[in-house]
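The same protein chain appears twice below, in two forms, each given on its own as structure tokens and labelled structure 1 and structure 2.
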Structure 1
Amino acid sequence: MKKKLNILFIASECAPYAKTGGLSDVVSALPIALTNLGHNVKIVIPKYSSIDTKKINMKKILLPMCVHMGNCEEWCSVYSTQHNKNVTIYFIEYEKYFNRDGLYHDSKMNDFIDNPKRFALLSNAAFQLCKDINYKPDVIHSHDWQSALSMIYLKEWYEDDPYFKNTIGALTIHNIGYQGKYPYENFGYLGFSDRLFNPNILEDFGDINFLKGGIHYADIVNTVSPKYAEETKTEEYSHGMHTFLIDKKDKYFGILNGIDYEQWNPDIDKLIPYNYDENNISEKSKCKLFLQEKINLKKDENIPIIGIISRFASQKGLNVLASVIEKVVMDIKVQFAILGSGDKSLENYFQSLTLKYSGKIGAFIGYDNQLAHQIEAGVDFFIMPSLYEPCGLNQIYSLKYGTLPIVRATGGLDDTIEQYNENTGDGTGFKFNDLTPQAIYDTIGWAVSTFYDRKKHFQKMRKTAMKKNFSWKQSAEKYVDAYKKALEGNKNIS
């Protein structure tokens, strides 16, 4: 077995160029961690018009690149830049598809109608790119439905191509709630034989399901935490995919995401006003006072603050929190610092609370990376009442910032947070099982009473949390093991 693998990441997002959520953090950090283990990784994403080409020193490298789709040829260009000193990132330019505001939907949150074509092109263009830059991948690693079709192109189109003969396909599911389901009328563009449009492969009640097809063809499929891997094998969590995942047997598993500690570390974070670590945690109080001032909360370091940084999507359980938040701030001496955007009614509701509970609830509706860092540093608790959570990154950032997570025990939240033990003061956070207003209310009450009444425990938990290590190195090693097992195995599974 070759020691040094060539690995191509195909994805729709990669921070800092294009980001809507944690997927982009993973696509940005995991290639660097794999490179640090000695592998040769490249990334390919679309060239969205929102990417500031000058700021990142992006250069056009290929003049017209022809990508054959099912019923036409598309002429693209390719740009590239160094993502870090060892990882090159490529951007596929195709103006008709990617030169518009928004990654997946317009400002009114309407999905772009040509999304199936946009991401089929990305998934297929990556193969032509490999040939044009003379890069022979051992592994094609796709992420979520947006690049899942690469798994099919690999096995159906390139199976006999000497260039990809020994290449295996790996698919990571970051969120099974989004599968890329589209009308059959798009099938011709994809270029697959009709044989694939059956309920065991691509068909889903008359539509095409990109993720389902990817799962079928991938040599290995993983999701981003062991618990979510188990949950998605059940009807309750799988959004219809459980039988297909169960069928993958040991080719479906969970690998916990890591954290980029160069970006998320209060000791060196340039986006927060005061740096600190577990030995000089008093500086965290200064971050708290700074945050209180910044988002119009009453300045008082003795009042605990609960942070929220999130997409406002049904997955996050914030509608249930919203139904109890007023009771919480009326009954309990606590403040909230809220940052997020998405669902318009939640945006309006949280915004309205800043007036109704002025000094107690501060909210910024929108996307603001610096404020996200300042919230992590300035608050005492971080709440994620998710309905489901494949991994979740913010609760892991919180640990490093000495901010104790209050989470529903699901998916990656359950895997990364250890329950508080009231007898010993062990643990790193506060977990509850049922997504109900009462459970949220009670668990916030439990956390806050620890802050006020069991100060020693609170301080001990903070230290324990800050010492936890969720570095990418350990996750990257698991990915390499999985790639190698798949390379050793039989790749003809279709």
Structure 2
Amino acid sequence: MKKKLNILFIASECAPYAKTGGLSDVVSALPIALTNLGHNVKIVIPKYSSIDTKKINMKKILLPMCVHMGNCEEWCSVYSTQHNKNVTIYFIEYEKYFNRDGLYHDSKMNDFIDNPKRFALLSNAAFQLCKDINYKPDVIHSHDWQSALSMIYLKEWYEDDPYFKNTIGALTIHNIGYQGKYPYENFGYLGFSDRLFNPNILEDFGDINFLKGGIHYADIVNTVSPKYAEETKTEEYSHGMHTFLIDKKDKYFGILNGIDYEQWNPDIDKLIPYNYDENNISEKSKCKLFLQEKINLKKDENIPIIGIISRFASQKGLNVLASVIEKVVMDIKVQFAILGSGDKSLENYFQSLTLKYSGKIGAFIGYDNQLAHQIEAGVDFFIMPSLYEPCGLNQIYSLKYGTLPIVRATGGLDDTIEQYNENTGDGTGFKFNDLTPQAIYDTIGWAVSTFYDRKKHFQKMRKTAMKKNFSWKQSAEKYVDAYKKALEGNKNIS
């Protein structure tokens, strides 16, 4: 097999052009890591109206491009720019579908009614683009439900096309809670045979399920941590997909996300007031005093701070934390630094705590990238009490910043954090199993008591945490191994 692979990413988001969550960070960083390993990677996403074409030096390369859908022809344009020096990103322009506020829903968080058509067009347009720019992919790599149909187009529409004869399909599930379920009335537009609308492929209680169909047709399916891969094969975590994932056998697995250490590294971070590393950690105390002053906490480096940077959502377990946070600050000498938005009742609640517990709790509602970096650098602990967490990134950022995570042992949180051993001082954080107010209270108490009473252990854990390496290079190598294994299997079949 040739060493250099042609890999096409199809996704609904890619930072910094379009972003709502961690999906965009993966689609941005993983192709760069793959090119650094010697592969030829291109990215395709929609051209949303929110993207500033002039700011990123975007150029129109195809006009028009015809995309044959099930019951019509769609004519669109294609723009491109350099994502980095070796990765080109292409933008599918179709104003009817992508010229609107929001990526997936309106300002009231209602799904756009034509989402199935919007993302079916994206999934299919990528194949026409490949032909028009003369790019033969060895791998079509789709991400989440929005581009999962590309797995079906590959195997159903293009199976006999010499251009894609040897191409394999890879599907990454970033969060199985979102599957793309839409009414059957959209089925004709997709262009698939009626035989596919059955409970084993696309049909889901009378609706179409994009992710389900993608899982069925993909040569390999992965999710973003080994633990989450195991969890999603159970009824509790799979949102109904466990039997289909189990059926994939060894073609379903977890690969842990990496992080960008050029962006998240306290030694070179330009967004924090003082830089430091594991050999010069004293500057972290100055970052702490800076943060305390900035968010109106009592200035005292001897009081531990617990950080929160999160969407305010039930998945993140913050409703459970909210039920016990007041007891924590009344019983335990600790402070909280909170940054996030989402559920309005949680926004209002956390904001109210800044007045009720002035000097003990500081909260900023919204998102501020600089403040996020300053919280990671300035706090002692970072709490993530998630109901489930496919991978999680902030706990990995925290490790690099010498900020010890307090996490529920689920998904990527369990994979990335090593439990503190009170006998030896080994470990990189504090984990609990049950998502209950008492478990959160007890684990915070355990962490804080380590800060006060077992100082040598606390310092040892900090240094251990900062030395951990979760670079994208390691993850990219695992993806390449998976691609090549699937390509070998495809070759043997054909």
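Note that the rigid core is defined as the largest set of C-alphas that superpose within 1.5 Å between two forms. Counting starts at 1 with the first residue of structure 1 and goes up one by one along its sequence. This is a predicted model, so every value here is computed, not measured.
In this comparison the chain labelled structure 1 is the form predicted together with ligand ADP, and the other chain is not. With the core held fixed, the Cα of residue 314 is displaced between structure 1 and structure 2 by 2 Å or more. Once both forms are fitted on their core, a CA shift of 2 Å or more is seen for residue 300 between structure 1 and structure 2.
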